[in-house]
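The chain below stands alone and is given in structure tokens; this is the form predicted on its own.
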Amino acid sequence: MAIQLSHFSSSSTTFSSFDHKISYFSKWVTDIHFRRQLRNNFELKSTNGYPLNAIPMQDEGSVAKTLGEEVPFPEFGEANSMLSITVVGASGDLAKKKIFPALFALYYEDWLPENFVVYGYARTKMTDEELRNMISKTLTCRIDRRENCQDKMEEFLKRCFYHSGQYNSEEHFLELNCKLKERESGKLSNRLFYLSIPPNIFVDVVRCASTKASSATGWTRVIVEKPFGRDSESSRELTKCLKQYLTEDQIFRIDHYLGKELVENLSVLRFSNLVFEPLWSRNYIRNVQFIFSEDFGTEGRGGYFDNYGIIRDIMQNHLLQILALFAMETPVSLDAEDIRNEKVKVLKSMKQLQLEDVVVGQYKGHSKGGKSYPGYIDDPTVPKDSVTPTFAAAALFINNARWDGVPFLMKAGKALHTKRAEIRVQFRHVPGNLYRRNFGTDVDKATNELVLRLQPDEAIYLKINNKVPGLGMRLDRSDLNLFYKTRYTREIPDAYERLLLDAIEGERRLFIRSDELDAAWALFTPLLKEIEENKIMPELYPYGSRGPVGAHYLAAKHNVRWGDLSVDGLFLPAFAAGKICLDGFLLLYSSSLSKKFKDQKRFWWSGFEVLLSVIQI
């Protein structure tokens, strides 16, 4: 992990004794040497042994009018600097459930500097003690050192303070600045602002913070939560407004899925294991699937969700970012700019999304086990005539030499049968397989598959074909697996912990650059406009089901079977698959999907492919 070094103080540092000075210097040198060694162990190098460093991209037109410039020199120890973290929108759910617990976890594990302070800022009237009581209810400790948990909580809460103010008030941010200066006590000031607020007030907060509450001696950085606009135009406008007050290097656009352990491990798995990298291409990979499902609906958040929908909320950011990391070429180094450069190349190489390669759905009310589950439009915050998709499946293609012709399938939905996020890599069939007859007509049973389960129960496993012990020749599909809970005793850090630490250290590798954002919106904006302007009706699916049958049709169209039809390595029972197919096939016939076909013959043949795809088990 790249480490952001502190700055030399503008004033001379005084110590009580020479021995004390040597002690600080030794601690600093040891710490810096250790962290450099960690980074060098994973840094790609050229044949002459030197790191391969690409020239970072410069954003034209970026202007920092008021924020202090970052000085790339280390400070003599930590004692003369102060980290001030301001959580804007501190009374909201995200701050209470994710940001404050992540900050405490970093403090508990000794990742935060010696001198730091946390301020909550929101419109809600609240005292320091009331803030502490609120966030103390969500703080937890790591499972391996719980004995000193309460002491650490009390120490952390003593560093938490609150200031109430309007988001567009420069006067209130000036008051915040005075409080921060008082806590900083003349030390070198590094300030991080986390914007846990709706996007329509991003610019007001950045304007006020930059003009009245930025650091005069150290760095100032701003973490911006998604959504980053609704389309290409609004995204560009937001970036343009932010850059009136910030440089690109000061904007940290956060996508918490990039901070998940398995996403972080994706490049390690590929680039540090010889067995995988040669297979990472169209020559061996048949298709790649990115699957996201939640087992609950909007549950009161329908007002927000209805303005965005599942494509903007999940596919355009979370899944597309993971796709770019998965498909990118080998970067010249692990530097943030080198990695982000390769991701941008992938996004710019992608074929424009067509409506015929997309299926949208919306969950409806359903009764199961004597319990009733409401439909999407039953949410009182959702308009009764809403056609906003709560489910979407799409087939994407990358037009480059490595991935030409390989379908990248995405599927995301709410109110489905399970909570899951995973990447599934299905390899090609073995040419002239000697054991083909042992698999019967379902050749897909013999297909190797690599699965990275992001959540829950993080795991990596590879499906292989294996002989069942005995005198006969019976083959079995087995898993070579790495389950994180059984392999590693330490609890996996939350994604927000990793991303907050990276922002503090100035590591931008897992944050989204403005040209990445432009390329992502360029891919989805035409599709979104077509769906909304033509008022495409989503296919209804029952709450708690596996989603619209149209998704199976889409997969069959590209000669793919969704990998999540299996549970714990076993395929769905035949009667369940038959029911999915028979119920859904009638829906297909009567739905608007049939209008996509030029003639009835083609429609029925595609439906037959759905039948084969689901029922061959």
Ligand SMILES: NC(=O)C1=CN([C@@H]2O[C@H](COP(=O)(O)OP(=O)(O)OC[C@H]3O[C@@H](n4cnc5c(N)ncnc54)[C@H](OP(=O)(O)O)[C@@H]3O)[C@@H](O)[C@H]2O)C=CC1
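Remember, predicted model here, so these are calculated numbers, not experimental data. Numbers follow the displayed sequence, beginning with 1.
Omitted here: the form predicted together with the named molecule. The next part is about that form.
Check: Of these, 269, 355, 201, 482, which has a heavy atom no more than 4.5 Å from the named molecule in the predicted bound form?
Finding: Filtering the options by heavy-atom distance leaves 201.
Checklist line | Contacting member of 458, 306, 502, 225, with respect to the named molecule in the predicted bound form [4.5 Å, heavy atom] | finding: The option sitting close enough to the partner is 225.
Next item on the list: Look up in the predicted bound form whether residue 197 has a non-hydrogen atom within 4.5 angstroms of the named molecule, and give yes or no.
Entry: Residue 197 belongs to the contact set for the named molecule.
Notebook entry, point to check: Does residue 114 make contact with the named molecule in the predicted bound form, using a 4.5 Å heavy atom cut-off?
Noted result: No - in the predicted bound form, heavy atoms of residue 114 and the named molecule never come within 4.5 Å of each other.
Margin query: When the contact criterion is heavy atoms within 4.5 Å, does residue 124 count as touching the named molecule in the predicted bound form?
Written below: Yes - in the predicted bound form, heavy atoms of residue 124 and the named molecule come within 4.5 Å of each other.
Check: Closest heavy atom of residue 302 to the named molecule in the predicted bound form, within 4.5 Å or not?
Finding: No, residue 302 is distant from the partner.
Checklist line | Proximity to the named molecule in the predicted bound form (heavy atom, within 4.5 Å), stretch among 400-408, 461-469, 179-187, 90-98 | finding: Stretch 90-98 is the one.
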